[in-house]
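Structure 1 and structure 2 below are the same protein chain in two forms, each given by itself as structure tokens.
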Structure 1
């Protein structure tokens, strides 16, 4: 029985973060603040709906981050790209008169373009992705400040303003915010790609052993470039959602989002060394980070402490992975 369980957990790494989320959810119920009416604030529908709405942006980014990390890379620019895309969305709707599809198209193109540059330079220049995306993090933020003249742009509706159709990003269907559907759709498509397509197998191969992948005929440079491009595209999509949620585009938005995305992916069981991880685990990781932030916020814990805690979570998750990897090697 124990052997069967060990095999099951080894073949389904996402189960551990999923169980971790369930355990955390129970703890949040136990330690939930109580309202004046005696109800648990954490379990209120409005609070849980708000959690889902908040994690949707990080979730969309985390899907792209998963692809990058699986190839053995890292993307530190996703927060800045989100800020750039959100800014382009707001100005596209209000000042450039691009309309619904035009503004969103520009935002997505900017995100995909930033990701493509990250992937191309990392692959062709053989430069560590940490350095390349660190430069893009600064460059994308600077471009957003240039486009906006260092100002935020509010999104209004009516004549000579944003179309009413843009409000769809703030609507809820069957009680679930629309951005959550976007996150789930993106995650499901990515999971299918990873499990069922040649490109998905190439992603794992490049992250597992780049040399072996190249000798097997895998185009390593192309695979990595596509992974970074998709990550940039999804950061752009998250930027559109972000602008819609706040009714504005601010070039300074998205700071620290890369930390949340990396934390979600790592907590979800992905290895920063590449070649190991799953989209199901990332979804569980996103929910863990979101629920943890929510319960800390309900208890009035300051944001700076929350950031320190997230950093500690990343380190702890990586240490656990390293110990498990060392134990397996010794067992072998």
Structure 2
């Protein structure tokens, strides 16, 4: 029985983070502040949809980060690429007059381009992705500052300004903000691709054992490059969402987002060594961090304490993942 359970946990890495999320969710309900009318504020529909919207940017980035980490790589440039894409979105709409699709297209292309460069240099130059994406992190930030002349650009609507259609990113459908649908769609598609397609299996193969993957006919360089390109594209997409949420493209935005995304992926059960992890786990990781920030924020907990608690949660989550459950060894 215990053995079956531990095999189940080992084969379904996403279960532990998902259980972790459910546990935290219950805790949040128990400790929710109560409004004057006696309702639980945490459980209010508006609040939950706020949480989802607040995590949607990091969530979209984390999906791409998961692909890269599964191949055994890392992408430190996602935050800078988000800043670059948000800047391009705002300038595309306001200054370059590209229209809705033009501006978003440029932003996404910049993101995918940065990701492709990351992947191509990592694969072709056989350089560690840590170094390559560190360089991209610096370079993309510089390019964003160059494009914008180090200025932020506000997005306004109306005559000679952004088209009304861009407001779709701030609208809600059935009470749920549009960015949440984007995040969910990206996550679902990525989860299916990882589980059901050949590309998904190749990602795990490359991260699990590169040599074995190559010998069994997997194109390692191509798989890696595609993973990085997708990660870059998704950072670009998150940048568009970011610009829309703040009605502004700021070349200095997105600093530290890479660390939030890596934290979410790791809390979600992925191993930085590659080959181990899941999209479902990452989504649970994103939600854990989002819900935690929300409940602490609702209680007005000071930032110092919030940061310490988040650090502790990350360590605890990873310990939970790595440790074999002790009852397994004792029972036998």
Partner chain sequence: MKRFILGTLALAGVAALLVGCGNGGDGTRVIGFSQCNSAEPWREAMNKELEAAAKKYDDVDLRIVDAQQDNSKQVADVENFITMEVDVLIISPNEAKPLTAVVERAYDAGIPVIVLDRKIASDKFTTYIGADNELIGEAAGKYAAEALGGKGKVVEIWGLKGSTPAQERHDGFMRGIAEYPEIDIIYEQDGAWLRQRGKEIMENALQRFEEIDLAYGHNDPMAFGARIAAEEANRAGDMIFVGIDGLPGAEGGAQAVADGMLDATFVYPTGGEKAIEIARDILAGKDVPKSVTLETARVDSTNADQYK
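Computed from a predicted structure; not experimentally measured. The term rigid core refers to the maximal set of C-alpha atoms that superpose within 1.5 Å between the two forms. Positions refer to the first chain, counted from 1.
Student: Of these two copies of the chain, point out the form predicted together with the partner chain.
Tutor: Looking at both, the form predicted together with the partner chain is number 2.
Student: For a quick test of reading the superposition: does residue 306 move by 2 Å or more at the CA between the two structures, rigid core aligned?
Tutor: True for residue 306: a C-alpha shift of 2 Å or more.
Student: Would you say residue 296 moves between the two structures, meaning its CA shifts by 2 Å or more once the core is fitted?
Tutor: After core superposition, the displacement of the residue 296 C-alpha between the two structures reaches the 2 Å mark, so yes.
Student: With the core lined up, does the C-alpha of residue 32 move 2 Å or more between the two structures?
Tutor: Yes, because once the rigid core is superposed, the C-alpha of residue 32 moves 2 Å or more between the two structures.
Student: Once both forms sit on the same core, give the Cα displacement of residue 315 between the two structures in angstrom.
Tutor: For residue 315, the alpha-carbon shift amounts to 4.9 Å.
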